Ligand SMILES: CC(C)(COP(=O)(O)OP(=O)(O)OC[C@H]1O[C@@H](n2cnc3c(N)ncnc32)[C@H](O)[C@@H]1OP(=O)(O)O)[C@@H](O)C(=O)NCCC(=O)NCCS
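For reference, the chain that follows is the form predicted alone, supplied as structure tokens.
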């Protein structure tokens, strides 16, 4: 019996009309992956905190770097960095059969960001803290984040310095 072909993803720069798909990935990832660390009120507030118009503006902003991962003709993950703030703004993958997708997106967005900034900070959710630590980020502190709608959630501020040697 033959094994099915491995599913692979292609990572590329986001374009404006990717915004709605990015929004869906973000929502699905939050609701599926953070459920073990946050209560439903926080999850729903977080999942609905941005809209497609805002994402489209970020994609077109020259201060942002936004990447998407596609497989089977659909967007299954994305990463976003804000260069002027030295910030990894977002990294989300929907549940998928591709191992290491988050790590691949992180590596690509770091490659782009570290060309312009000496370090990156991120506001990691509690469920993502271990992922970031495993990828070279160090905890800077823990904060209660207050959303625009007033919902409070615990986050971990993390930081990673640009490596001395860039392998590319």
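Positions refer to the first chain, counted from 1. Just so it is clear, the structure is predicted and the values come from calculations on it, not from any experiment.
Below, we refer to the form predicted in complex with this ligand, which is not included among the displayed structures.
Between this ligand and the residues 56, 67, 124, 42, the one pair within 4.5 Å by heavy atoms in the model of the complex involves 124. The listed set 99, 118, 62, 141 contains one residue whose heavy atoms approach this ligand in the model of the complex to within 4.5 Å, identified as 99. For residue 113, no non-hydrogen atom is located within 4.5 Å of this ligand in the model of the complex, even though that partner is not displayed. Remark: residue 91 counts among the residues lining this ligand in the model of the complex, judged by a heavy atom distance of 4.5 Å or less. This ligand is not shown here, and in the model of the complex it never comes within 4.5 Å of any heavy atom of residue 137. Among heavy atoms of residue 128, some come within 4.5 Å of this ligand in the model of the complex.
Residues of 37 to 74 placing a heavy atom within 4.5 Å of this ligand in the model of the complex: 46 alone.
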